[in-house]
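A single chain, nothing else alongside it, follows as structure tokens in the form predicted alone.
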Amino acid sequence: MTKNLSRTLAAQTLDLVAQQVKLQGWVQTKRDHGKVTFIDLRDRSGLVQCVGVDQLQDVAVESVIEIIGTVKARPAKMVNQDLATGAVEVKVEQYQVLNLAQELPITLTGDGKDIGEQPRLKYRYLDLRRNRMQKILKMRSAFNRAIREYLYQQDFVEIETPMLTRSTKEGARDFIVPSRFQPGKFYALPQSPQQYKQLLMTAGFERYFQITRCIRDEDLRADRGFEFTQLDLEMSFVDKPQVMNMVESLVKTAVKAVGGQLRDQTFPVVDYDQALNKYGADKFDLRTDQEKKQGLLAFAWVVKFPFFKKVDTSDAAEVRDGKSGWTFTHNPFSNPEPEFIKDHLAGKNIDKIITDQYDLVCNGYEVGGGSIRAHRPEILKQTFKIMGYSDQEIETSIGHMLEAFKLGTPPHGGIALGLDRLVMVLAQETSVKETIAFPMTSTGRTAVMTAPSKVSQEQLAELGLQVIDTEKSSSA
């Protein structure tokens, strides 16, 4: 191959007519016409047609190749209007197969939705080559970038919080990790950075955010998985309207940055009871049928949630959290609305206490939830008292938070936005799996790699663990 020739991207060929170029990429399509072979070469910038005379016959679709050739302008009647580079083609002079693709286990034509989940995720690295999947993940990247840029402009600081921590009360089961150094003890993977972000407010950062992974052992469905990504942010010295206004401006900026179309420039605010009476749920879709066809995004705020609810006895996590028969509806670290603080501290009229919570919904999905937090230790402690925790249990569970709240913690509030769901509605998809590079299957198995899997006896012994065959023990 020609030496000292830098790589040219497919999209750049439009400006290089009559010049020699080196292209590297994948063979999108191949058309043999006797002595002449046409291929569409794909790289990160798009496609360009390459023409080989007595060349390229041995190249298979989806092979990785390198081409040296000259860019030619197509005659006007031969211009391909459906291709961004359709006004040119590359006459192949030399080529090299960098990796010859064997017969593909799944087809890459179409959107892939006619293929079963198992083969799509087993060969996800092939599935991701589809134009639709490339567009979604690039849009997700641009969306994250717009979020970061907006928050940096608003004086937020991006801070990472630990992945190995202890349990937080978030309403789901924890994934736990055994400790090799302290046998019999376990870390919990974070359901959210809730406690750490509040402690960052105690630390005086005032405006924090991170785009973070969260992990919850809860029932799987189309818009929820074990792992998810959220924009987590917290602000000091704010009230509910200030947080909502900041988040609304952020969302509008990021949505518009990736070409999303908003139904409302000001998001409607709906009380929880009003949402139930009018829409039958606190997650609702405000769009008309015509607005759905147009792909509009209809955001709305839901406020005035009850702080507590009766425990659902069929939900193991709720039963565990709500020892008294009462559990939180959203977040035990929330503050009651000011007029309900007196009843909250007295443990009276529990079913009537309203929390300073706000949810963001869009097109029938909950895409965010937050609240003004409890920053006074007596309020947070009373929340756990209402749920039936003893003083000792409270100290064990959140004693570190109560101590921090006695050492100069400012009033604060924040929100977590579900980025998987936000990208899902932006892309007009119905499953978050279409927005995640390597999602889990509907049975909780990882894509490509076969996990969960067994580990060696040596690993178990090192951790002081023994696996019990539950089927044998239950039948004994």
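Numbering starts at 1 and follows the sequence shown. Keep in mind it's a predicted model, so treat the numbers as computed, not measured.
Omitted from view is the form predicted in complex with a small molecule, to which the following refers.
Not displayed here, the small molecule is kept clear of Gly112 by more than 4.5 Å at the level of heavy atoms in the predicted complex. Among heavy atoms of Ile436, none comes within 4.5 Å of the small molecule in the predicted complex.
The small molecule in the predicted complex is not approached by Val423, whose heavy atoms all lie more than 4.5 angstroms from it.
Under a 4.5 angstroms non-hydrogen atom cutoff, the small molecule in the predicted complex has Gly370 among its neighbouring residues. Heavy atoms within 4.5 Å of the small molecule in the predicted complex belong, among the stretches 273-281, 99-107, 379-387, 187-195, to residues of 187-195. Proximity to the small molecule in the predicted complex, defined as a heavy atom within 4.5 Å, holds among Thr85, Ser236, Thr327, Gln230 only for Gln230. The contact with the small molecule in the predicted complex, taken as any heavy atom within 4.5 Å, belongs to Arg216 out of Arg216, Arg207, Arg120, Lys252.
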